[in-house]
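So this first bit is one chain, no partners, the form predicted on its own, shown in structure tokens.
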């Protein structure tokens, strides 16, 4: 299948390597790539992993028209306010009869229900496994492995930056020291306070609720409080009491609708959510038929995010 990639950064390059490695089994090829910084590249026979970029397409619509691709992989930067311009890129692909896979949590957190309905009307597939846990199977788990099961709530330690910062503060370092560690690891958003204030976790909570619980919310609906007020002293006090402070995203279905919140919670050190270290993530789904189910991702990186997108491509191909 022919693939066009919008946003050709580190995740896209990792995806290109993975596609090349798996080509003998899964015949995908990237035929077009577009980036605001480097320009645009096209080749119907398949681009190399490091394309020779030429002049940039005037806009996403021109890029999609010229690409002759069957699938759009949308990997542009996150906008937590309204999911743009990624949401518009996705809609433009649907209008052209193209399937879409994205790692961008913005459209899923801000307008998932509308996009899913537009995909249904266009007769195309829409996938987004890497939007929340760097490719660990969450949405595909629910889609393929839980027939007849409803998700009634969830709890997750989903933000790698705050995990790294809190680990540093447990060693007596300052919040600023923790930010520098996270930057060296390459896990922070461009503005680390987006993580620290809980916005990244709120986006992930909204995305999970929208897809798994049909919540139809945006990140602004999440009751949010980050880790900015914590000190090494407060964290040490909790540790001495056998507790661990973790930034937790929670969702639960109530008679009044789905309620979402993000908090730095004081958990028992044996709690499943307290087991995440470094850039690891933990998610627990509360279901009506299977009780609690957990997904754990041990120190994921770019390769895992790229694999989530690759798994979406395979899932799309199998659905046709």
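Owing to the predicted nature of the structure, the values given are computational and were not obtained by experimental measurement. Numbering follows the first chain given and starts at 1.
Beyond the structure shown, there is the form predicted together with a further copy of the same chain, which is absent from this document and is the topic of what follows.
Heavy atoms within 4.5 Å of a further copy of the same chain in the predicted bound form belong, among the stretches 30-38, 48-56, 269-277, 62-70, to residues of 269-277. a further copy of the same chain is not drawn, but in the predicted bound form it has a heavy atom within 4.5 Å of residue 149.
Using a 4.5 Å cutoff between non-hydrogen atoms, residue 82 does not count as a contact of a further copy of the same chain in the predicted bound form. Taking the partner from the other structure, a further copy of the same chain in the predicted bound form has a heavy atom within 4.5 Å of a heavy atom of residue 140. The closest heavy atom approach of residue 195 to a further copy of the same chain in the predicted bound form falls outside 4.5 Å. Note on contacts: among 212, 124, 136, 87, the single residue with a heavy atom within 4.5 Å of a further copy of the same chain in the predicted bound form is 136.
Shown without its partner, the chain has no residue in segment 55-73 with a non-hydrogen atom within 4.5 angstroms of a further copy of the same chain in the predicted bound form.
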